[in-house]
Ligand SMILES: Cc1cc2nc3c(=O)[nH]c(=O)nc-3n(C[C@H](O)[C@H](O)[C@H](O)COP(=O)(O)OP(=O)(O)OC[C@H]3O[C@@H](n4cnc5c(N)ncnc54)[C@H](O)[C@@H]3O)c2cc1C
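In structure tokens, one chain follows: the form predicted alone.
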């Protein structure tokens, strides 16, 4: 018999598998697709860590306590403070844990959603998943089976989760516990219609395995849910381009967002999940990120959401020698766009945005910039749903909880299948960070159960 079964081969699953083997357990990981990686490997590779030596080297002062305050603020206090505290207390050790197995970090990026200070540590996401997998395999306590979907959880006579039933009908037993790390439901039309009908017109980009399997397995055993009202898309996806999976966040470098009437409609510094809500309420669910050459030059080709140069090379930007020329290209009244930019520049000069209260580039970080230096750029933007950021309720030990608040014995969960951590919105790096931090916790807890 195996000690621990892990369902799903993304960052959460492989983190759980590695941690469980390090706790001395034998592990079987089942991945329903031919290859592991899932939505994690398709992500932007951002991790929200605070107080690291990389930050110190770059002169950034940060702490787990500031990270906690930012996460709760961005989540509008709707997130579970116990989960957020657990993440903040565990993230520094998890960063070291990743480095110890060979995960390589790029320099901390300056501007990202929900940050009071620069704290987004970037990795190659697919490589990070492969590194976690290789580390787990080196323990020689792991059995990995791809292309083997799990159909249901199995319980013993006492109601404890004691294994899984695979799609082929076979039963696999787990002596210590099962970890659900099966991802979200961004590819399940029925669940999206139930929980996120307001995003019916959004673009969806997620791993093919994001069908909500684990969510439904947990529900069958009476699991509670969290944050189901907060399924949100990310602002900044080009509405017609299919080659770029990731959004572009020029607003966090100083751009403004205008609708087809040439008017701003939101404080552009808020979480790009809330920006996603805002753009879905605009005509044709579309806006334009408007910037000048000075803002364009602050792009960062190391980070997908800030790689302006590549998008320009691919012909995705509109470019005009003047604001009026730009407005004609995007079919906005030139007087309206010019008036919007003029009013915004005046607000930057005055230090007060009377329309939407914007005070920083992003969250509480960065000084606003005027839009004044030709040429001028416009990037068409809608919302894209990368993940569902809600799901099974867990406690700080990553145990899945019933609706009465008690744990379902033998069942742990981590990553996108879980809810409660993000709350009403989202901080850059918190999804992949959550997957790895709580994957590690789930694997450790299951491995020593």
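Residue numbers count along the first chain shown, from 1. Nothing here was measured: the structure is a model prediction, and the numbers come from that model.
The same protein also has a form predicted together with this ligand, omitted here; what follows describes it.
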{"query": "Within 4.5 Å of this ligand in the predicted bound form, all of 177, 410 and 447 (non-hydrogen atom)", "finding": "no"}
{"query": "One stretch from 280 to 288, 315 to 323, 374 to 382, 209 to 217 that, in the predicted bound form, holds residues within 4.5 Å of this ligand by heavy atom", "finding": "209 to 217"}
{"query": "Touches this ligand in the predicted bound form: residue 369 (any heavy atom, 4.5 Å)", "finding": "no"}
{"query": "4.5 Å heavy atom contact, residue 33 to this ligand in the predicted bound form", "finding": "yes"}
{"query": "Proximity of residue 66 to this ligand in the predicted bound form, heavy atoms at 4.5 Å", "finding": "no"}
{"query": "Contact of residue 5 with this ligand in the predicted bound form (heavy atom, 4.5 Å)", "finding": "no"}
{"query": "Residues of 1 to 30 having any heavy atom within 4.5 Å of this ligand in the predicted bound form, listed in sequence order", "finding": "7, 8, 9, 10, 11, 12, 13, 30"}
